[in-house]
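The form predicted alone is given below as one chain in structure tokens.
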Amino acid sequence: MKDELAILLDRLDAMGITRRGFMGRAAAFGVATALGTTAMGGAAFAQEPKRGGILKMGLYGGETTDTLDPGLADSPVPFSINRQWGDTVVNVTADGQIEPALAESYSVSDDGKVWTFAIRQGVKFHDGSDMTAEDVAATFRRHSDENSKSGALGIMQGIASIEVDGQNVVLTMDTGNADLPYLLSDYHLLIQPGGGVDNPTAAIGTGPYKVVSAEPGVRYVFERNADDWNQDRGYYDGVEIIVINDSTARTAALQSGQVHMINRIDPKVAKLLSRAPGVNVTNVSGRGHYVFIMHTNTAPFDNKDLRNALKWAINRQELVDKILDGFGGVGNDIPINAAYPLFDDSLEQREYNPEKAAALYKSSGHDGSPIELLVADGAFPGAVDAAQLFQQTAQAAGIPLEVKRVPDDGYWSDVWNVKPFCASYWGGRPVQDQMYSTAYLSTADWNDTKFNNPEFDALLLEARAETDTAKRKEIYSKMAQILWEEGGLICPMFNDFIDAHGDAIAGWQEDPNYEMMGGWASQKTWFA
């Protein structure tokens, strides 16, 4: 065993994982490691969660324009805020399964159109009022209203009616949808008193922590909800989220002990940071992707040849090597990769081809004026460098791409989904239907490429109703082909989620659904 462990640790060293980090993570998972010549066995120990202390999280992705309305959460800090105070009816586990939350069970009709969710009883909102099926239905109705501007609008539009039947909420779909529970796990759909209609920013929910104070773009303070319906979470007495958008400042805050965990580690420093005393760097592959998005309804990006010229003018492998430092993989101008069920790998992989890019640019008839790409440091780690590399390879193809660097503050409110060409990122979604419904359905509020293709929309609805797996995969393949040829998405790379936490943190788990343990880090970890 000693020899085997030594071999394993040497391999971990070669992978850039420190022995201290490996031992700490193994202990946090309850995995036994051999001490001297002692074999693994009865001496193995699993840490039990402990309560107490104030968790401090240093997070990228907060702005002075952020709001507590869960429907408008559009970056990492608002996402994390939602995870503190709110709950959805169901959650998605790290292995992609549905688990009950505010709905303790659900059932579906044979045709997949009528879904009945049994709402958990005895749950209190933070203001002391009872959470009821009426609150759940009202929440769903609010996010189905176009005036709410909810990020969940696209996934709610397939619901024909929302009714309350005793302690149940009954959803009737326009067409059958086998993935509906996954859609309802969306982080915007936090259940609020009266659906949040009267005061969507009140941040009164059923989550493990209550909001004490909120300074957008600066700091948020939470206290433990002593009346939480789920006592197997929320082990800290309180949580502080400190907005630290600068990558260097974030890592310094962790190393100095000012915060206990941070998100968005720059891939270029991840291996170096993992060797720092008292720091554990974790990375997990999943569905997250870094992108450049073009509005297909705005000149010059309303020209298909110009869009495709730009797609062929980017060197994807170079970005994976230089921006991700290997912590990710090559993308192919669709938001779906092998992490998704029913992924079709037969789609042609776009490679850097300056000759083809030049030919398409010429056929577009573009006048040669600068094509402006807006980018901020906070769009994704390494976004400015990625844009500049893109500029170089595009100019080698004769495309006059120019990069305009803009401030982080206000980027997600004033640039993303507003300006016609910019850098962005997506964390991905558990299933293809949710990803496409959120960002590529023509009527979705978060359709950030303004993609409008009636055939694509029709196929999306057809896929929802299809129960035959092979046929459903075939439909998704057609959709991917349409988006690949017609869309405004340039997706050069899928990123790993890279986070870091101090040795004081126990219970850390990998979750490919999103960064910071899928957003559950403050709920599921504790102080060792």
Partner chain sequence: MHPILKLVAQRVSLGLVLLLAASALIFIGVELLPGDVAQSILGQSATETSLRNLREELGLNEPALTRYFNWLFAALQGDLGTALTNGQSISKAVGERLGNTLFLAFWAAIISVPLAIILGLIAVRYRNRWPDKLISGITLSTISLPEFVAGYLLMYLLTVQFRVFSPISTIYAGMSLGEKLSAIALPVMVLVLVVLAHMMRMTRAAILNVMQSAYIETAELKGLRPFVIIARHAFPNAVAPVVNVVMLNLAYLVVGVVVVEVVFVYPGMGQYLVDHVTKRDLPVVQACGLIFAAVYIGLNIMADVISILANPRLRHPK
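All of these numbers come straight from a predicted model, not from anything done at the bench. Residue numbers count along the first chain shown, from 1.
The form predicted in complex with the partner chain exists for this protein as well; it is not shown, and the discussion that follows is about that form.
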T65, I242 and Q255 each touching the partner chain in the predicted complex (heavy atom, 4.5 Å) | yes
Examine K404 and determine whether its closest non-hydrogen atom to the partner chain in the predicted complex is within 4.5 angstroms.
-> no
At the 4.5 Å heavy atom threshold, is V218 in contact with the partner chain in the predicted complex?
-> yes
Within a 4.5 Å heavy atom cut-off, is S107 in contact with the partner chain in the predicted complex?
-> no
Do Q388 and the partner chain come within 4.5 Å of each other in the predicted complex, heavy atoms counted?
-> no
Which one, 119-127, 247-255, 177-185, 296-304, holds residues whose non-hydrogen atoms are within 4.5 Å of the partner chain in the predicted complex?
-> 247-255
Just one of F79, F343, W416, F140 has a heavy atom within 4.5 angstroms of the partner chain in the predicted complex, so which one?
-> W416
In the predicted complex, which of the listed residues (V259, V320, I204, L373) lies with a heavy atom within 4.5 Å of the partner chain?
-> V259
Select from 426-451 the residues with a non-hydrogen atom within 4.5 Å of the partner chain in the predicted complex and write them out in sequence order.
-> D445, W446
